[in-house]
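This document opens with one chain alone, in structure tokens, the form predicted on its own.
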Amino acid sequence: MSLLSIKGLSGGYGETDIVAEIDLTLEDQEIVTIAGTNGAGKSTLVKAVLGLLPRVRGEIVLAGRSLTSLAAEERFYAGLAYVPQVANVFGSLTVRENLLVVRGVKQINQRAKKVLELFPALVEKLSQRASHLSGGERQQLAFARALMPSPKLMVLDEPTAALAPALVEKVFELVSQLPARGVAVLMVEQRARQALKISQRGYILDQGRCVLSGIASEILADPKMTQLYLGHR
């Protein structure tokens, strides 16, 4: 049984479907990238998985449990974590406080210590306000916050957006380490070529529909598809 199974997913705002008839699976310890041009429906699909889309049809199952009728907060407790593109940390709180305000974490101090093993740069700044961190450090903190509840699946929306080029590789390196920590990854990323290089499989959307899915390396090896949908990054 797949960790995440999506069948016949359609939805949007008002009466208009932005995504239509999406089928997607994701296995344990797997990274899957959702790619496509701007406006293809990538972020809308993510919102549907997270329970943030007002109108959804279809089935979403995580670790054998249906998420379809669950509110966004209930999906969080079911093992789903989310790192949004922006506003992903509390700037007025310290690094330590950002970790300790996460709800529903047992033995939270011990868990924070364990999570910080992945982010040694943050250990030196535990008492610093998140608003004073660099862009790369804030992104690390966002990842650390998402890992606090020991999720089964982390959903990433443009994790390298607005980062300096020197930090992009560090973020992808961090993402690539998550499966070894027991966390699968579903990622939307404009730098699709780089994202697919660290992914096992990929899905390409166009106008809200999946036009290609398969092994990530094979998608990258298809010059026609990469030229049409993946751009130059």
Ligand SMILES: Nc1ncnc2c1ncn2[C@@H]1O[C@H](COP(=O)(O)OP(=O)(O)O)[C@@H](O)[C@H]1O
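Start at 1 with the first residue shown and count on from there. Note that the coordinates shown come from a computational prediction; the quantities given were computed from them, not determined experimentally.
One more form of this protein should be noted, the form predicted together with the ligand, which is absent from this view; the next part is about it.
Residues placing heavy atoms within 4.5 Å of the ligand in the predicted complex fall in a single listed stretch, namely 35-43, out of 161-169, 64-72, 175-183, 35-43. For the candidate set I18, C210, L9, L220, a heavy atom within 4.5 Å of the ligand in the predicted complex is found for exactly one residue, namely I18. Contact annotation for K47: at least one heavy atom lies within 4.5 Å of the ligand in the predicted complex.
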